[in-house]
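Only one chain is included here, represented as structure tokens and corresponding to the form predicted on its own.
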């Protein structure tokens, strides 16, 4: 009797849906320290070079029952969900956590964490907000050096040039493979669906990179491209895939991802780190070259022009905004982007999302209508 071939996509969904069970197994097996980092933009290569396993902490889709007693109810689901995970004990496996300063919520989250969980090492990554400032690169390099010393204190392993070089090479190889997966999604969406590919992306932030690379080798890379003309291509701007089911809705409604700016999407792999010269400087250069995160300051005109250029180069027919409820930074940027898209006759849909009070069926209905507009079925 022929043995059924294992489904190569299953491990990625298992990691993405329940990363903490997998991390517990890995910690027990390897004895390595586990360093959490609240998304976005913690320097994972530094964590890896210090001998620890970096694990992203994201709160989207987490049911809230305890966090509202500690953090204002007008905080976004991402920040509130991260606190909920800790209050419920899910994050007790962490040996430390890095919280980046990207908005008021993450700043408040850091101070809350220090007060509520004083026994858990917690560091605040003070990312530069004004990327074009002449001193921003020097400032960020000093931050990375400071964070590397903190990591070494926790793990007992210094971030040496050899360790960092090896870490950068591993992460570059991983990003190259993920970029190939993203391209497959655009050419062979029947097999490389958005739901599957984004599960691969989501899982890479919650699993050792070298082991994740091994898992990716079993994917059906030899699948030939298929006719994709009947599917509408969209570009997505947002922070996280919220609600988590959104990529499955894209597949169901015949929408193909042509590009995105989600922190666990294409934005995370678009730029590699130079593995030569000043390695800390290379990490800084990568950060400065990435698509700016909502809340980083860029000249408003350049911000809009660069956004339009990314949308056009992706070949997308329309743009979907996934704006977290209560996110002032996203609300501030969106009107300029929407006006620019309208002037250039590019359809767009703005979705305000939250795990508290946002109906998935309502989002599906709006996406379905938007897809009909893109396909020409609606005026």
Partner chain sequence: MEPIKALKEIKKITLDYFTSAHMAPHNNKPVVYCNVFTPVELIYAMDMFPVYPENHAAIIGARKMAIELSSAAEGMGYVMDLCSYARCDIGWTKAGVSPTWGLPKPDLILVINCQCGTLTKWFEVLSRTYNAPMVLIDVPHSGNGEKDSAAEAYVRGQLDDLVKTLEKVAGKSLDESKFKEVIRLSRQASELWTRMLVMGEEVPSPMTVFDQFISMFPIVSQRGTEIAVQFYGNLVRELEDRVSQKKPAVPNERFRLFWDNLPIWPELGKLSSFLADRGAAVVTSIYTWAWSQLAVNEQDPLSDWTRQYLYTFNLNLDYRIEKYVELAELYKLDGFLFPSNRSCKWISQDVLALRDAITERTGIPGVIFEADQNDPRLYSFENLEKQIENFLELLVAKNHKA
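In this text the structure is predicted, and so the values were computed from the model without any measurement. Positions refer to the first chain, counted from 1.
The same protein has a further form, the form predicted together with the partner chain, not shown here; the description that follows concerns it.
- Among residues of the shown chain, residue 69 is one whose heavy atoms approach the partner chain to within 4.5 Å in the model of the complex.
- Not displayed here, the partner chain is kept clear of residue 209 by more than 4.5 Å at the level of heavy atoms in the model of the complex.
- Residue 351 falls outside the set of residues with a heavy atom inside 4.5 Å of the partner chain in the model of the complex.
- None of the heavy atoms of residue 271 is located within 4.5 Å of the partner chain in the model of the complex.
- Comment: 119-127 is the region of 192-200, 170-178, 119-127, 210-218 lying near the partner chain in the model of the complex, near meaning a non-hydrogen atom within 4.5 Å.
- Interface residue among 304, 275, 93, 253, judged by heavy atoms within 4.5 Å of the partner chain in the model of the complex: 304.
- Contacts to the partner chain in the model of the complex (heavy atom within 4.5 Å) from stretch 88-114: 101, 104, 105, 107, 108, 110, 111, 112, 114.
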